[in-house]
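Single chain ahead, by itself, as structure tokens, in the form predicted alone.
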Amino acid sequence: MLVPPVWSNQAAFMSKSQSDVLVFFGATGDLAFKKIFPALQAMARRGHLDVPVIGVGRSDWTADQLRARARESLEQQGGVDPAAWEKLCGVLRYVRVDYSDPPTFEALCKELGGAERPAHYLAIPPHMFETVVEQLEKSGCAKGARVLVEKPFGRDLASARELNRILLKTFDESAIFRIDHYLGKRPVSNLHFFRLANGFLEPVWNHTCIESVQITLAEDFGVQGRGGFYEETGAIRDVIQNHLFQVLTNLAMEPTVSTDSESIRDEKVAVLKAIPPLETKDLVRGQFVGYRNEKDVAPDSDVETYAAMRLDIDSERWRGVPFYLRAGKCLPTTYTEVVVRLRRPATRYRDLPLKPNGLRLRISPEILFALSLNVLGPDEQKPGQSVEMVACRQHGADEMAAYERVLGDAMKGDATLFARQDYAEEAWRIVDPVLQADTPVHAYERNTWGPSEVDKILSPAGGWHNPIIADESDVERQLPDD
């Protein structure tokens, strides 16, 4: 049963206050090396990191060893900024803690000193969350604190509820920040802004004008040596239930009465609540040829590396509009994109072989907005043709990376980019039936758009939009057949 967030006076105060120390568990781990140290340096460079940063790990390290690890990380992940590195070194500390040994948490409490609003970031495996949260509470380190937890928020509905139970035993919902770094990407947030800040979109953003919506997250690489991880996850858990659902809710949510975090999160949850549970007939799973030869992958594995699904939103705005989501590895290119197809206009030209108008919103690798139009052809033999007007820009060199943004917002208490308890559970509710079902996994060759079955079983009207693997810098170009 879903429990609504609890908002006490203390919680309201906490939500607006700046954390006065950042504690990150898993400081010696892979996530810290690849993402967290670069994010901390970027925060220091912008003047956003003026509190102690306490790295916590089980290795018997010193603070100097942690700093050496951080510098190695920066050298490999974009470079060392001398001034920012000096600032980071000045605040970086280290505490060795055995997660299952209560006395070792006393050293952490001592290092916290007089901190009143610590932020505990759990960059550790999910099975360790309960132990660490319990030790934080018993040691007193949880007093006045926030807790930041990495996705996945469980692996199905039951485990998501159990995770929430663990967290809510110690922390108020307003002090829990569930990190899906995908929301830290500026272009994802831009979907919501773009939709509501441009007056020409709202009149057509509904079932009267929109025929279907496609959301694609394609990767041209495989599991990259993480076969063991993927065997426990699969494409639905890895990117669809979280990343693509975030894109979907940004696209489909109702306009909010204000821009505060709870109003925005309320509307996102409302979208998920309006989506019926996914049925097996609306899902196609695939696995690229060669996946079973990857290290730590079972020889008879039925884990999907590709998934496509159809979802319906039972609301006044979206009733009758299918949303098609797909994600996969070893596809022809890497990109994330939304394609919105509009209904054909009721005009005297409706009998011409014209394509429907549509919008393309690309999130990565570049930010792109494209509008497809029907225009007169160059001669009488071609009375009409489809063209696309494209506006595109590359990501700015000084744009905030996802982890820099989510860590900074969590420390400020801005919950806009974080999944609330009810959001996490609703997202799992939608996919839970197919996770429990025995559905077939269809093989597909590398560098293709997934198994052929997807076009037979689950194809939007007009087909899936697959991009041309070419330069899209022209302002206007003729569309390929979909």
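In this text the structure is predicted, and so the values were computed from the model without any measurement. In this text, residue numbers run from 1 along the sequence as written.
The protein also exists as the form predicted in complex with a small molecule; that form is not presented, and the subsequent description refers to it.
K.L.:
In the predicted complex, do H181, D238 and K329 all reach within 4.5 Å of the small molecule through at least one heavy atom apiece?
P.N.:
Yes, each of H181, D238 and K329 comes within 4.5 Å of the small molecule in the predicted complex.
K.L.:
Answer for R96 alone: is it within 4.5 Å of the small molecule in the predicted complex, judged on heavy atom distances?
P.N.:
No.
K.L.:
Is it the case that E211, even though its partner is missing from this view, gets within 4.5 Å of the small molecule in the predicted complex, heavy atoms only?
P.N.:
Result no; E211 lies far from the small molecule in the predicted complex.
K.L.:
Spell out, yes or no, whether the shortest heavy atom distance between R362 and the small molecule in the predicted complex is within 4.5 Å.
P.N.:
Judged by the heavy-atom cut-off of 4.5 Å, R362 is well away from the small molecule in the predicted complex.
K.L.:
Do Y349 and the small molecule come within 4.5 Å of each other in the predicted complex, heavy atoms counted?
P.N.:
Flag for Y349 set to no.
K.L.:
For the chain shown here without its partner, which stretch in 97-105, 250-258, 162-170, 213-221 has non-hydrogen atoms within 4.5 angstroms of the small molecule in the predicted complex?
P.N.:
Heavy-atom contact with the partner occurs in 213-221.
K.L.:
I need to confirm a contact call. Of R405, R265, H243, R117, which residue comes within 4.5 Å of the small molecule in the predicted complex, counting heavy atoms only?
P.N.:
Flagged contact: H243.
K.L.:
Taking 4.5 Å between heavy atoms as the contact cutoff, choose which of R186, K151, K87, R344 touches the small molecule in the predicted complex.
P.N.:
Comparing distances to the small molecule in the predicted complex, the residue within 4.5 Å is K151.
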